[in-house]
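Encoded as C-alpha cells, the following chain is the form predicted on its own, with no partner shown.
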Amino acid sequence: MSTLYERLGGEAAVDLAVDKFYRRVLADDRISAFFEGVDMERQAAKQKAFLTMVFGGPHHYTGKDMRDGHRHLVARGLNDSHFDAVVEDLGATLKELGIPDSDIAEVAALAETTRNDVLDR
C-alpha cells in the first residue's frame, strides 16, 4: 500500500501544493494577517518538510512542535474559525491540483489531529 505522500505525487507535488496553498492563504482575508512580516520562503520550506513527514515521506522536519510553533498566534487571536479556514484553503488547493477527494479527506483528517495542539488547548 502506498503512502499518502506517494499518492499525492511525492516531493514535487508537495512543493507545488505548498506554494499554491500559501498564495491562497495570503489572499484569504480570514487568515492572511497572521502571516504579516513572516518570511514566506522560510515558512514554505518548513511547511514542505512538515507535510512530507506527516504524509509518510522522508522525515526532515526540524521545526517546533505545533503547540510551540503556534502559541504566539493564539495570543493574537488564532481560533477554530482560522484553523477551519486553513484546512479549507489546503483542501481547495489540493482539489485544484486534481488530488482525489479520498486523499483530500485523509489530509483534512490529519490536519484535524493537530487542532488542539495548534490552538494550544
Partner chain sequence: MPTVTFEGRSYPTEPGETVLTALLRQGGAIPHSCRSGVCRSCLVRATQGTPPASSQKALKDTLRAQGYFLSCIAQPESELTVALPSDGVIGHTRAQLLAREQLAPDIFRLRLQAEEAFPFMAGQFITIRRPDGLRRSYSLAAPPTSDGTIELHVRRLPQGQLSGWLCEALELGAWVDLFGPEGSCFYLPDDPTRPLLLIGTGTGLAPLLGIVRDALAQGHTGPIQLFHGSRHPDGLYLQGELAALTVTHPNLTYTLCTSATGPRADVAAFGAIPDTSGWRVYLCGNPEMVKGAQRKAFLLGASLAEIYTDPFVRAG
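All of these numbers come straight from a predicted model, not from anything done at the bench. Residue numbers count along the first chain shown, from 1.
This next part talks about the form predicted in complex with its partner chain, which is not shown.
Within this chain, residue 48 lines the site of its partner chain in the model of the complex, having a heavy atom no more than 4.5 Å away. Proximity of residue 11 to its partner chain in the model of the complex falls within the 4.5 Å heavy atom cutoff. Its partner chain is not drawn, but in the model of the complex it has no heavy atom within 4.5 Å of residue 72. Contact annotation: residue 42 falls within 4.5 Å of its partner chain in the model of the complex, judged by heavy atom distances. In the model of the complex, its partner chain lies within 4.5 angstroms of at least one heavy atom of each of the following residues of 20-41: 22, 23, 26, 27, 32, 35, 36, 37, 38, 40, 41, in sequence order.
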